[in-house]
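Below, in structure tokens: the form predicted on its own, a single chain.
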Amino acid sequence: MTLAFTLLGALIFLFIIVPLIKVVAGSNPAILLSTFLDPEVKDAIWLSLYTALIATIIGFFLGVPLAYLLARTEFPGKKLVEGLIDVPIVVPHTAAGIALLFIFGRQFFMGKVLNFAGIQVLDSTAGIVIAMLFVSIPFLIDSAKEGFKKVDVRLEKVARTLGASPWQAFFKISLPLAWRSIMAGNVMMWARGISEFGAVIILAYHPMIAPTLILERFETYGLSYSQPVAAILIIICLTIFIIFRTLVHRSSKT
């Protein structure tokens, strides 16, 4: 059985890793360097990293409280709420973009409110952040919820009997003990935000994030012109992802 599972596992591992290696290894280093120094490429990659980070920060402050409530409280319709939270993962992301357009479009209420406040959603950084937040927030909520579930509720109750307020029990007991799961969810949310494409192009084709730039160069110039951009994005994402996962893993041992 071990041999069979090893062979099957090796097949799916190769299926995942070989295309990525092929994209990176098949790129000329000189072309990679010149592509990386291209201002359009640098701006697109930076915008992807920056907007995904902003979406993750917003998701942390809004998603963690919801995750805690879902982990600690029971209420009618809870299963429905948990199911709806995961919907952005399963719906086509172009459909998610259309749905967001019906909320944040210029002709709709939230779009008018934001425009009145001086925040433009369509074809703007704000639109990119909204799209990334929508499709990636379930990863943070689900991970944080599982982390809070692993924290023994008796520890919170003991803290309360010793005079701690609900806020103090949360910040001194629950949050630190669930921190590893929350950070793992943050990393997954950030990574998912960087890779988002479908919902983003509906709300904000411009300014271009890296996935949009890859598509434009592929459609305009072909595979050879889009490959270096894809390779650079893969290298950057893989490097940062490994660093974050390593930090999370180390923090769990301390």
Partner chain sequence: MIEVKSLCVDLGDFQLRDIDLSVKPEEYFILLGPTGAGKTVLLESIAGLYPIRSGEIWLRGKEVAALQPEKRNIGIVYQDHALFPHLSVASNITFGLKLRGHSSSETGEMLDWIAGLLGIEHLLNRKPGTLSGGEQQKVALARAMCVKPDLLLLDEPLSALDPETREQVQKELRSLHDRLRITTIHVTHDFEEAIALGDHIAVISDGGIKQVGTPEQIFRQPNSEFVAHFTIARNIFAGEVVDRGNGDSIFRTENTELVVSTGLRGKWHASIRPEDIFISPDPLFSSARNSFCGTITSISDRGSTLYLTVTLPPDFVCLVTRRSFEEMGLSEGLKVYITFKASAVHIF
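Numbering follows the first chain given and starts at 1. These figures come from a predicted structure and were not determined experimentally.
Note that the form predicted in complex with its partner chain isn't included here; everything after this is about it.
Contact between residue 162 and its partner chain in the predicted bound form is found at the 4.5 Å heavy atom cutoff. Shown alone here, residue 81 lies farther than 4.5 Å from its partner chain in the predicted bound form, counting heavy atoms only. In the predicted bound form, its partner chain sits within 4.5 Å of a heavy atom belonging to residue 152. Not displayed here, its partner chain is kept clear of residue 72 by more than 4.5 Å at the level of heavy atoms in the predicted bound form. The stretch that touches its partner chain in the predicted bound form, counting heavy atoms within 4.5 Å, is 172-180, out of 110-118, 130-138, 92-100, 172-180.
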